[in-house]
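Next comes just one chain, in structure tokens: the form predicted alone.
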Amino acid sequence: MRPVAVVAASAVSARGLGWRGLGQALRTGTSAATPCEALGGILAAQVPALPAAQDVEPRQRKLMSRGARLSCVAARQLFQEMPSLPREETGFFLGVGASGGAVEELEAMLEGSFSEAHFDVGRFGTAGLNACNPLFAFQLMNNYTLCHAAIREGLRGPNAAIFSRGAGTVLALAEARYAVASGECETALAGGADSALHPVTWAELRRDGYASVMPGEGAAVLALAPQGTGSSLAILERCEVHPRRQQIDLSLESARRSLIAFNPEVVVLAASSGRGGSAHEIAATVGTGAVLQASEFFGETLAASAALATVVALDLLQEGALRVGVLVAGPDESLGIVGLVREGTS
């Protein structure tokens, strides 16, 4: 298996476009939260107005969820910063969130699908679907968060959209790393895109007990290639998911040992206060002064959390750290670990 390097990156967050400088901003800054009109004025980390040079054409936006639009912007930004990246044989692996369609279309579909106060599958297949625009499906199918960006950039290599609430995006990174390391493709893009600002997604989080979490949105994409094929930003040395099992203590201990073995100088933690208590404890084993809390900075961005934390880690490497670990917690207490090192220190 070939060592794999990160050769380019992009990010879209409440801090705007770009990933350079996010490490220092995380060390010194505070959240960029503003009142969110769609969620009744609560504080949320919203992506500011998107530049026209990267944004999706207005006609195409009608087909997209917010997460899909953010993934398109992140992918376009990546290719604009590194136009020499190949496209046709490039793989694409993305952590994606829940559906995020237009609320008015969703209400019309549900209204047509209910019979005597109960959801009726038969009515859904007839009156429900007839009540909404046929193109609404392109917004609802969460794999289209990847598809729209892949079509827009002409990517035709191996691909997978992986539903993620955090740690699942580390699995997308692991799939991309394996595809490159095994020679299945020479280049692969990997990352995550999501928005917790959709009213349905926010309702889901509140239902599950995360009402204290500050919602956010964002996307980040990394380009991976075999080490030595060009200039690299970092070596992707570790990329693994420790899923919750019946004996959860064993999973947590496995993650703890893996992080300690990696021996990071800094840990970027993507686990908000409303979840991932075990992740906080594991991160602290490397020294509480070396742990940076990304979720309080970007908000809870769900499938984008791991990817945004990873581009922060990249930025910290540029500042001089030799090893930076990313620890991501999912709501099911699955833990993801990404390990980045500067070239020559593996």
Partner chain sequence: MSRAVITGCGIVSALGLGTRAFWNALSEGRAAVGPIRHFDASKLPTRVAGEVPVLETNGTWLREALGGHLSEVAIEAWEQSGALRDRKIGFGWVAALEAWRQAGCGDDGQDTWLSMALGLEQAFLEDFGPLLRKEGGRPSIDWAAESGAPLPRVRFRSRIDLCAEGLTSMLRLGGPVIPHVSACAAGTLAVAHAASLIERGAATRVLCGASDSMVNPLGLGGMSRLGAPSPRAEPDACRPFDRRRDGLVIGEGAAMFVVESEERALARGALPLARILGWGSTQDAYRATAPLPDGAMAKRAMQQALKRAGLSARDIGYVNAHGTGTPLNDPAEARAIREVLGHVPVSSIKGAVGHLMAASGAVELAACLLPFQRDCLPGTAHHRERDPECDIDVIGERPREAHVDTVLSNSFGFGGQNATIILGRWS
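Computed from a prediction, not measured in an experiment: that's the story for all the values here. Positions refer to the first chain, counted from 1. Rigid core (definition): largest C-alpha set, two forms, superposition within 1.5 Å.
Another form exists, predicted in complex with its partner chain; not displayed. Remarks below refer to it.
Visitor: Could you work out which of 263, 231, 80, 130 is the residue within 4.5 angstroms of its partner chain in the predicted bound form, going by heavy atoms?
Guide: When its partner chain is considered in the predicted bound form, the option within 4.5 Å is 130.
Visitor: Can you tell me if residue 290 lies within 4.5 angstroms of its partner chain in the predicted bound form, counting non-hydrogen atoms only?
Guide: Residue 290: no, not in contact with its partner chain in the predicted bound form.
Visitor: Residue-level contact is defined here as any heavy atom of the residue lying within 4.5 Å of its partner chain in the predicted bound form; does residue 189 satisfy this criterion?
Guide: Outside the cut-off, so no.
Visitor: Please check if residue 211 has a heavy atom lying within 4.5 Å of any heavy atom of its partner chain in the predicted bound form.
Guide: Although its partner chain is absent here, residue 211 would stay clear of it in the predicted bound form, with no heavy atoms inside 4.5 Å.
Visitor: Please tell me whether any heavy atom belonging to residue 237 falls inside 4.5 Å of a heavy atom of its partner chain, as the geometry stands in the predicted bound form.
Guide: No, no contact at 4.5 Å.
Visitor: Name the stretch: of 215-223, 85-93, 263-271, 72-80, exactly one has residues whose heavy atoms fall within 4.5 Å of its partner chain in the predicted bound form.
Guide: That would be stretch 85-93.
Visitor: Sequence order please: the residues of 157-196 with a heavy atom within 4.5 Å of its partner chain in the predicted bound form.
Guide: 157, 158, 159, 160, 161, 162, 163, 165, 171, 175, 178, 184, in sequence order.
Visitor: After a core superposition, would you say residue 229 shifts its C-alpha by at least 2 Å between the shown form and the other one?
Guide: Superposed on the core, residue 229 moves its C-alpha less than 2 Å between the shown form and the other one.
Visitor: Superposing on the rigid core, is the Cα displacement of residue 130 between the shown form and the other one 2 Å or more?
Guide: Yes; residue 130 is a residue whose C-alpha shifts (by 2 Å or more) between the shown form and the other one when the cores are overlaid.
Visitor: Can a Cα shift of no less than 2 Å be assigned to residue 110 between the shown form and the other one, given superposition on the rigid core?
Guide: Passes the 2 Å threshold, so yes.
Visitor: Classify the change in Cα distance between residue 205 and residue 118 in the predicted bound form as closer or farther, relative to the shown form (magnitude of 3 Å or more).
Guide: They are farther apart; the C-alpha distance rises by 3 Å or more in the predicted bound form.
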